[in-house]
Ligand code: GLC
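Single chain ahead, written as C-alpha cells, the form predicted alone.
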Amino acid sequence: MPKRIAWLVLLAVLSAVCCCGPEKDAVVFSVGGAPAELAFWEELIRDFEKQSGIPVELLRQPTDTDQRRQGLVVALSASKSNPDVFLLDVAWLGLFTASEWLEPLGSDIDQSPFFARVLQLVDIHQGKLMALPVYLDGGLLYYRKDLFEQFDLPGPPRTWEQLLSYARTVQSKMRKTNPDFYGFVWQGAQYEGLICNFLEFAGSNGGFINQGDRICLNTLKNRRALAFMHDLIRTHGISPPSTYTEMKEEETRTYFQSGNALFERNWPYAWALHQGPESGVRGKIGVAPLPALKDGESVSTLGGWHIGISKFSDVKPRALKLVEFITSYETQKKLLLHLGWNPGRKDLYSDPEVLEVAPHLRQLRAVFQNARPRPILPYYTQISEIVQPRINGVLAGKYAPEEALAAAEQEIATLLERYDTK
C-alpha cells in the first residue's frame, strides 16, 4: 500500500475512534429505565445544555436494576473516567462508598431542601455528602375507602392488630358474593421485596440490628413479626396462599386493582395505575402510612434512586453542575409531573400544582420522614440472599421463625468473618 493511502486509512480510523467517544469536556451521564423515561431524560439534558453551555453525553443503561448495577461496577472498578455522573439505587450506596467510587459533592451544596433523615442514613459518609436523592420510594398502605364507608369502619389502621381486625370483618362479609376476596395482599415471594416487607412488619426496633461487629436477626420483635406474617396466610387466612409463591409488586397490584382486596402494601408507583381508566378501584382508594406494632412506630422501607459523581471523572466541576440541575426544584418538579417520580426534595411536597396532580404526596411526606433504609453495607446483596429463603421458608411452613432467623444470623456471621479476614 502506498504511504499516502496508508496515512489516509490511519486518519480515517483515528477519526472514527474519536467520533465514537464522548465529546471533549462533555459530561457522560449514565441512566436507565423504560423508553418513556429515557426519552424524557433526553429532553431534560437538552434543557441543561441550553442553560449551561455544557455538553452532555447520555449513556443509556438497561431497564433491569441488576444489569445497571453491574455495568457501573465494571466501569468504576476499572477506574474508568466515564461515566461521570450516574443514578444509583439506594441499596448500592454501601458498596459504592466503601469502594471509594464516589466523589464527595462538597460543602457548598444546600442540604436544607432534602429530607434530613434520608441524607443522614444514606447519603452522608464519614461526614461527607456522597450523593443526593432524586427519586424516593417507600412502602405504603392502600385501602378501599368505599368499603370502609360501607362497613362503617373508622380511619385507616394504626396497628397491625387493627388491620387484622378490619380485614377479617370485611373479608367475611365480602366472601358471600366474592369468594376470591382477601383482606390484605402484600409481597411475600422470595426476592428483595420480601426483605422490605419484613422490615416494615418488624417495625422501628426490628430488622437488622447491629451489635458491635455482628448483625443480630434472632430477636423477639423479629420472631413476632415473622410469626405474624406466617399467620396472616396460614392461621387468619386474610392473605392468599400465593403470597409466598408469586406475590411481588405487580402481582399484588393487579390483585388489589381487580377489586379483590381491602388492603394492599405497595410502593407509591401503584397510585397512578390504581386511578387509571381500566382500574376496578378507580376513585375508591386511600393511602396511609403502614401500621405499627403496639409498642413501636410505623416504618416504611426506603427505596429510590440517588445521584452521584464518579471519583474517576475528569470533568468534576461540570459534573457537579449537572447534579445541581437534576436535583433543582424545577427539574424535580418536572420529573414528578411527567414521570410520576416522588421528589428527593421535601419542599415539593407542599407545592399546590403538585398536590393537585398527586394528592397522595401529602401522606408520602410523613412516610419519607420516617423511612428506614436496608443496611448500608458493601456486602448487603449477600446478606439479602441469605435472609430471603429463610423468611420465605417460614411463610411456606418449612421453618419456625426462631429456627429461620437463627440460621440466617449464623450464615451472616460467617459472611462477615470472611470479609474481616480479607
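Keep in mind that this is a model prediction, so the values were computed, not measured. So that the term is clear: the rigid core is the largest set of C-alpha atoms that superpose within 1.5 Å between two forms. Residue indices: 1-based, along the sequence shown.
Omitted from view is the form predicted together with the ligand, to which the following refers.
Peer 1: Want to guess which of 271-279, 172-180, 321-329, 304-312 is within 4.5 Å of the ligand in the predicted complex, heavy atoms only?
Peer 2: Contact criterion met by 304-312 only.
Peer 1: In the predicted complex, which of the listed residues (E297, D89, D347, E251) lies with a heavy atom within 4.5 Å of the ligand?
Peer 2: Selected residue: D89.
Peer 1: Which listed residue (S52, Q369, T381, T65) meets the criterion of a heavy atom within 4.5 Å of the ligand in the predicted complex?
Peer 2: Exactly one listed residue reaches within 4.5 Å, namely T65.
Peer 1: V118 near the ligand in the predicted complex, any heavy atom under 4.5 Å?
Peer 2: Although the ligand is absent here, V118 would stay clear of it in the predicted complex, with no heavy atoms inside 4.5 Å.
Peer 1: With a 4.5 Å heavy atom cut-off, would you call D351 a contact of the ligand in the predicted complex?
Peer 2: Because no heavy atom of D351 falls inside 4.5 Å of the ligand in the predicted complex, the answer is no.
Peer 1: Tell me, yes or no, whether E264 is in contact with the ligand in the predicted complex, where a contact means a heavy atom of each within 4.5 Å.
Peer 2: Contact with the ligand, no.
Peer 1: Can you tell me whether D84 touches the ligand? I mean in the predicted complex, with a 4.5 angstroms heavy atom cut-off.
Peer 2: Although the ligand is absent here, D84 would stay clear of it in the predicted complex, with no heavy atoms inside 4.5 Å.
Peer 1: Note that the ligand is not shown here; using its position in the predicted complex, name the residues of 341-374 with a heavy atom within 4.5 Å of it, in sequence order.
Peer 2: Only a single residue, R374, comes within 4.5 Å of the partner.
Peer 1: Taking the rigid core as the reference frame, tell me whether W271 has a CA displacement of 2 angstroms or more between the shown form and the other one.
Peer 2: Moves: no, less than 2 Å.
Peer 1: Inspect the rigid-core superposition and answer whether the C-alpha of R374 shifts by 2 angstroms or more between the shown form and the other one.
Peer 2: The answer is no, as the C-alpha of R374 shifts between the shown form and the other one by less than 2 Å after core alignment.
Peer 1: Is A261 one of the residues whose Cα moves 2 Å or more between the shown form and the other one, with the core superposed?
Peer 2: It does not reach a 2 Å shift.
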